[in-house]
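One chain is shown next in C-alpha cells, namely the form predicted alone.
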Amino acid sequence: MAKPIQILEDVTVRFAGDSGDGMQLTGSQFTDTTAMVGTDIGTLPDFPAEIRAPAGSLAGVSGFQIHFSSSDIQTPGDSPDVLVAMNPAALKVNLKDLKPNATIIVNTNSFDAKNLKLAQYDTNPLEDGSLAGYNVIPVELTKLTTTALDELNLSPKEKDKCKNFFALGIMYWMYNRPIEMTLAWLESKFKKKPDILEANQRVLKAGFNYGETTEIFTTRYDVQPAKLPKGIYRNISGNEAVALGFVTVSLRSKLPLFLGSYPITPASEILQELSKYKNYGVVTFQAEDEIAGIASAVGAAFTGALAITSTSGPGLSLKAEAMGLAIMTELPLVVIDVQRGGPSTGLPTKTEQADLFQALYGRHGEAPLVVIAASSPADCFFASIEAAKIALEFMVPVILLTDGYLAFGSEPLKIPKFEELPEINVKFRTEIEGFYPYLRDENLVRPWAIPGTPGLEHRIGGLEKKDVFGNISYDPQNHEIMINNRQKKVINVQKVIPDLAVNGNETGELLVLSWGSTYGAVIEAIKLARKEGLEVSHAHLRYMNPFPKNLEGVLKSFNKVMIPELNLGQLATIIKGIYLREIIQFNKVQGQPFKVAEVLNKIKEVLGGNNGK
C-alpha cells in the first residue's frame, strides 16, 4: 500500500558525516534534483579546514544544508528539520542546531565503541534517552549498503563508500524526489568504471525502495514548486556565478578574458570554472604565487584584455603593492576577494566579512579604488558584471567582495537574455593627434591605448607620473594633483550607481543597514518583524566605495540605525567616521552566517518590545 504524502511549505535538511563520507556530493545531488523539480532553494556547505582530520573525530565532520520551499526564500535555513547523521561525531556536532522534534536518520552501524569514543560520548546516545525530544529513525546504512552489493566484486572499502547514496535514496523517497537525474549523473561520472557505476546506481535504488518497503517510515512529504517569475533558471554557486559573470562581460564587451590567479580556499573554484571556457577565448594562468597572479593580470589589462584576479583575505594582502600599481597606471582590473575567517590562515573553509577595511584601506599611500559587495550566490553573477563595467568604463581597479558562504552556497539564477544585460562601453584610443597617457575626460578617465599602436607609444609604471604627459615626476605639487585626480575619479563613479533604496517607510524609528551576504537573513527577518507588527525599514549597501550619494540622507531619516556584520563592526566604524552617526552594532564572527532568528531577536531588542513608540 502506498504511503500517504503530506504537503509542506518548506524544509531544511542537513547531511553530515566524515569528510570521506561524501556529504558534499550527496548534498549537491539532492540540491540539483530539488532545483529541477522547481522549488526555491538555498544551500550551505560546511566542511572542515583540516585536510586529513581523523576519521570519526569531531574536527572531521563535514556537512551540507539545503533549505527548499514552495515560496521565495533567501537563506539556507536556520535550523534543520531533518539531520542525516552518518556517525556519532556528525550527530554530536549538529544536534545543537536542530529544531525541537526534528527527524534524525542515523547510521546505527557506526555507533560502535571506537566511534563513540572518538566523538567523546560516554554512553551511546541512541540508548541513553538523550534523544528523547527527537524523531530518531535508526537505519543500518552500512549493512544495508553492503547487502545490496553482495554480488559485486568490490572491496569492503569500495562498498562502504557507496553508503551515502543509500542515504540519498532514502531522502529522495522521503521528499518525493525523482532519482533519474542522479542516475544519469552517475552514468556520466563513472561510464569508464562500470563496477563503480553499477554499485552506486544499485545502492541509490535500494535506498529509495527501502523507504517504500520498511515500516519505520509511515509518511512521505512533498514541497511543491515555487511560484517564481517566469523564465529559465539554473542552480548556481557563488563561485560559478562569478566565473559566468566575467565570461558574459567578455562576450558583451568583445574583450578577451584573462584570469591570473593562485589557488586559495575558498576562491579556487573560480579558476577551475573559468578554465572550462577556453572555447570562448578565456585564458587562465595558474601563477606560482599571489603576486605573480595579479602582476600578470595588470599586464593583461595593459594590453587591452578584460583582466581579473581572484583570491581570499591572505592573498589580498600579498596583492596590495600590485593593486597600487594598477591604481597608479589607472588600468581596468577586477580583484575578486572571497572572504574567509582570519586572521592568518584562520578559518579557511568558513565565512566572514572581515576584509572590508583591507579592501578600502589595505594599501600603502593614497590608493583609492572601487569596492562592490555581492549579496547572494546568484547575485555574484550580476555583481561581477557591474564590477567589470565600472573598471572598464572608468579605467580603475575594482575589488569585488564575496565570501565563503556565497562562494559555496547555491540558489536558482534566473538567466537573463543577453541583450537585456548592460552595455559595456569600451573605448580604445586610436587618434594620434593630441594623445597623452594621462589626458582626462569629464570623469577624469584617462585613455586606454593598446601598446604598440603606431603613434600611441607611451610609458606607465609605478613611479609617480606628470599630470597629462605621463613622464616620471617628483614634483610635490604634481603628486598632490595626481593623488586628487585618482580620488576624484573614484568619487565620480557615484554618477553611475543608483541611489540607496529603502525597503519600507523612508523615515522612522529603525533602519537595518546590511551589506554583502547578510542580505538574505536580514530581509527574511524584516519580513517576520513586520508580520509581528514591528515598524522597521531596510536598506542594503552594494557599493562600498564610493557610497551612494544619498546614503547620508537615508541615515538621517531614522532615529536608530542597526548594522549586522560578520565582523567586529567594520562598516559601522566607517559610517561613524564619515557621517558622525551613532550606530547600533550587531556582530558575529563564528565562521557561520547569521540566522534569521538572530537578526529578528536583535530587531525586537532594539525596538524595546514597543515598536519604538
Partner chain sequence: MANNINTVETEVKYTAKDFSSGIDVKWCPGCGDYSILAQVQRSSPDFGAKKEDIVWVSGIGCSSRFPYYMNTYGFHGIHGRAAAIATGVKLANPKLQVWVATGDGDMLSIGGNHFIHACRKNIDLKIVMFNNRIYGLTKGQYSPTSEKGKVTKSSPYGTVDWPFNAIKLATGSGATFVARSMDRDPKHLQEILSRAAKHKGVTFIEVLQNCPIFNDGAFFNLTEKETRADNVVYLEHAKPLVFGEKQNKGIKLDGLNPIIIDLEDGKHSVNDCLVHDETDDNPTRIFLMARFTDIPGYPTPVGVFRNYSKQTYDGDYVQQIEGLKQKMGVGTYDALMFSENTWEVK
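What you are looking at is a predicted structure, and each value in this text was computed from that prediction instead of being measured. Numbering follows the first chain given and starts at 1.
Just so it is clear, the following notes concern the form predicted together with its partner chain, a form of the same protein that is not shown.
Out of the listed residues 235, 142, 537, 74, 235 is the one that sits within 4.5 Å of its partner chain in the model of the complex by at least one heavy atom. In summary, among the residues 223, 460, 118, 327, the only one with a non-hydrogen atom within 4.5 Å of its partner chain in the model of the complex is 460. For the chain shown alone, residue 279 is a contact residue for its partner chain in the model of the complex, at least one non-hydrogen atom being within 4.5 angstroms. Using a 4.5 angstroms threshold between heavy atoms, residue 191 stays clear of its partner chain in the model of the complex.
Interface residue remark: residue 35 is counted as part of the site for its partner chain in the model of the complex, having a heavy atom within 4.5 Å.
Residue 361 falls outside the set of residues with a heavy atom inside 4.5 Å of its partner chain in the model of the complex. Look at 118 to 126, 95 to 103, 327 to 335, 191 to 199: in the model of the complex, residues with non-hydrogen atoms within 4.5 angstroms of its partner chain sit in 327 to 335. When contacts are defined as a non-hydrogen atom within 4.5 Å, all of 231, 256 and 453 contact its partner chain in the model of the complex. Contacts to its partner chain in the model of the complex (heavy atom within 4.5 Å) from stretch 293 to 310: 295, 296, 298, 299, 300, 302, 303, 305.
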